[in-house]
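Next up is one chain by itself, shown in structure tokens, the form predicted on its own.
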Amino acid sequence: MSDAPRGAPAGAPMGPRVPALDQLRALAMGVGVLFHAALAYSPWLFPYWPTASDANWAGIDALVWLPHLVRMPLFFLVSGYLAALLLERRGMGGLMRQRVRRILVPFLVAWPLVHLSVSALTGWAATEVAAPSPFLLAVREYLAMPDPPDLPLSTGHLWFLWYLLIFTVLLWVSRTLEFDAALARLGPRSLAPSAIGLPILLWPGFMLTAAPHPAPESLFPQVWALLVYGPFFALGVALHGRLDALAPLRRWLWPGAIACLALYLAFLRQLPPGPVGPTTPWAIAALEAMVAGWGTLVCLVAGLRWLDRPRPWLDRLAGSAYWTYLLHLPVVFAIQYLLLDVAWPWPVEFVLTVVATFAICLATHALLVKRTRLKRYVG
């Protein structure tokens, strides 16, 4: 690691931050843009995804759900680590102030803006697109009702911020009730027991929801989401100051990656042609838990091993990651709604969507955020 002195274990957090974690977060955000753009061509989600295209490909589902199973857990793990770092440096009051400025305020401002923009785009597409998706056809029927029922409030893709706020409150409760010693025992000097046992903690959560697991967009906290993502946040907290405990796992990096790939292939073979729900059979949930738990640890160990020095393009992506997270989904929807009436091969549409989305997000970040007061909130 670039912030560890010579002779220190790889990944030891001797400086204020661990650059590898920022780069991992940037890569995970980039994968998120690819994921949301690819769902338009997923046969599994064809009946449900707003921008679903007739030009779908079965291979998309095999490619996108593996990174999705580890992407969000990795976000929560890194967020837990950074929360523990802030807690150590600024105390609980400083952590709460930072969470208000960096999470609560952006959430409260972005939530209505994202909701209104996505709703307006979807309403326009439902009436104007000549080749609408099944979702847009359902929206047409809804809009044609003389007295349509009110739809439940949803956090949309900003659910991640909502759960970060929840986990921060739980961390405050843990600190107030002096559960620190119990939390410390979750991160022993040897991480092997925790690594082996992590899927056991995740298993009930995956059983309580559909497979592949959906986004917990409801304002009411979902039990399954707390059970799936909470252990990763707690593990991130427990790892602060002891990333060297991951060192023994480095020799298992490649065997672990191969094992996760094999487990993922078994997971795909167990799935029917469409999503499983509303709950998941225990065998499928067990495979999901193993892929998510061990796959996230594989990504973390790989990042600490290979992302140990600054990379300008990753640093730039990391600097704009928060803004990209907030902005990218309305941009993806706007582009792909227009593409529904274009008879281009899906790979061309996909690449165009991804390139245009990144270009818009990076350009607006440089123009509106990088050198303005917004940087304190979403920079």
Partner chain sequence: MSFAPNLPLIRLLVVKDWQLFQKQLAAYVLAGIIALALLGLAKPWAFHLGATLLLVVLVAAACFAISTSLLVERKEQTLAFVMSLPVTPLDFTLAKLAGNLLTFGVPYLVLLGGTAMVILGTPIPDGFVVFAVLVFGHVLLAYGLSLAVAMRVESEGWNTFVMIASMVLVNPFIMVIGQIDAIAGPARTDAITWSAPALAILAAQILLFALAIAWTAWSLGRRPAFY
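Since this is a predicted model, take the numbers as computed values, not measurements. Numbering follows the first chain given and starts at 1.
If you look for the form predicted in complex with the partner chain, you will not find it shown, but the lines that follow are about it.
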Original post:
Within 4.5 Å of the partner chain in the predicted bound form, heavy atoms considered, which of A144, A131, I196, V173?
Top reply: V173
Original post:
Which listed residue (P281, P152, G94, P273) meets the criterion of a heavy atom within 4.5 Å of the partner chain in the predicted bound form?
Top reply: P152
Subject >> Residue contact check: G277 to the partner chain in the predicted bound form, 4.5 Å heavy atom >> reply: no
**OP:** Indicate whether the partner chain has at least one heavy atom within 4.5 Å of a heavy atom of P255 in the predicted bound form.
**Re:** no
Original post:
For P221, is any heavy atom within 4.5 Å of the partner chain in the predicted bound form, or not?
Top reply: yes
Original post:
Is E178 close enough to touch the partner chain in the predicted bound form, meaning at least one heavy atom pair within 4.5 Å?
Top reply: yes
**OP:** Tell me, please, which stretch of 288-296, 263-271, 223-231, 74-82 lies within 4.5 angstroms of the partner chain in the predicted bound form when heavy atoms are compared?
**Re:** 223-231
